[in-house]
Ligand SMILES: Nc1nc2c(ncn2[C@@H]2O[C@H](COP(=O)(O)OP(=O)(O)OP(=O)(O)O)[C@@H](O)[C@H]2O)c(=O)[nH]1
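First, one chain by itself in structure tokens, the form predicted on its own.
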């Protein structure tokens, strides 16, 4: 007779969470269904009983991860540093600007190869659990009529965390792989630090000082909105906040560091909402007159980008729409372009590693995901 299915016990990565033990979720204000929505909630490995009469749910004892293993959830700072010469991308933006949503859409585009113009190929991820969880939540989203939240917000006060993607170079015969390490940090913490860089936020924001590139998100809807919902920052106040964030980037880039260009790629997020009123120019542009009503609303933001460019920083600006509608109804727009711009600007200089052959008998699923030619 078939063995019973094992329901593995839950474990939450967040300190103080009581949900796995039948208590309250530490992030209950954010989730209607924590077990389905929270990416920090995982299940321990479980042994399948050899004897059907044996108790179901016996778990393997917890063990420390070795130097070349990972959990599949977020990388922490020390985990990211173990990678040989990663390309670290700081994603900056206010809460609800679409940082995590952009990452989810980018992963889906890579996995499904929906953007034929993006030449880099998915070679694996050390945070595959996080990406797959985000992708699953995005796939269940039924459009803005059902909810404005596609994937969960990154909570405030979490230490700097990162997602990882290994990408093969565009040349089919090139065995090299670039490790892309992308920040996933709360927009509230980023905004607070831009306005008042207090010492208690220094550990969370350390990734900004060590970034090899920046993706700077500007929420079109927030800029264009005439009336705020609750206490949110909109219009000219939002434009001023973005200007402060760009000044933070400028302060970092003008400190003594290695002689290398650090690109800043700015993106208008949720562009599909304003596209009828703001036809995008044919090519990337920082000219406010090329962006119509949006340019008039983002005067300080565009001025900050101009200052960076005038100081020798490579700057570009693109419209992006990560999820114009539910996945089956509309294709994302330009989600790969910011990362393509970063990779193109660094392709000649980034230290790339050779992806070693992986023995066929190695069963770890994350190693197996690194090679597309395995059965």
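Numbering follows the first chain given and starts at 1. Note that the structure is a prediction, hence the values are computed from the model and not measured.
Omitted from view is the form predicted together with the named molecule, to which the following refers.
In the predicted complex, the named molecule stays beyond 4.5 Å of every heavy atom belonging to residue 121. The closest non-hydrogen atom of residue 97 lies within 4.5 Å of the named molecule in the predicted complex. For residue 149, a non-hydrogen atom is located within 4.5 Å of the named molecule in the predicted complex, even though that partner is not displayed. The named molecule in the predicted complex comes within 4.5 Å of no heavy atom belonging to residue 299. For the residues 153, 225, 290, 140, the 4.5 Å heavy atom test against the named molecule in the predicted complex is passed only by 153. Interface residue among 232, 272, 192, 79, judged by heavy atoms within 4.5 Å of the named molecule in the predicted complex: 272.
Picking from 290-298, 206-214, 233-241, 97-105 the stretch near the named molecule in the predicted complex, with a 4.5 Å limit on heavy atoms, gives 97-105. Proximity of 280, 316 and 318 to the named molecule in the predicted complex is absent: no residue of the three has a non-hydrogen atom within 4.5 angstroms. Scanning 120-147 for heavy atoms within 4.5 Å of the named molecule in the predicted complex gives just one residue, 144.
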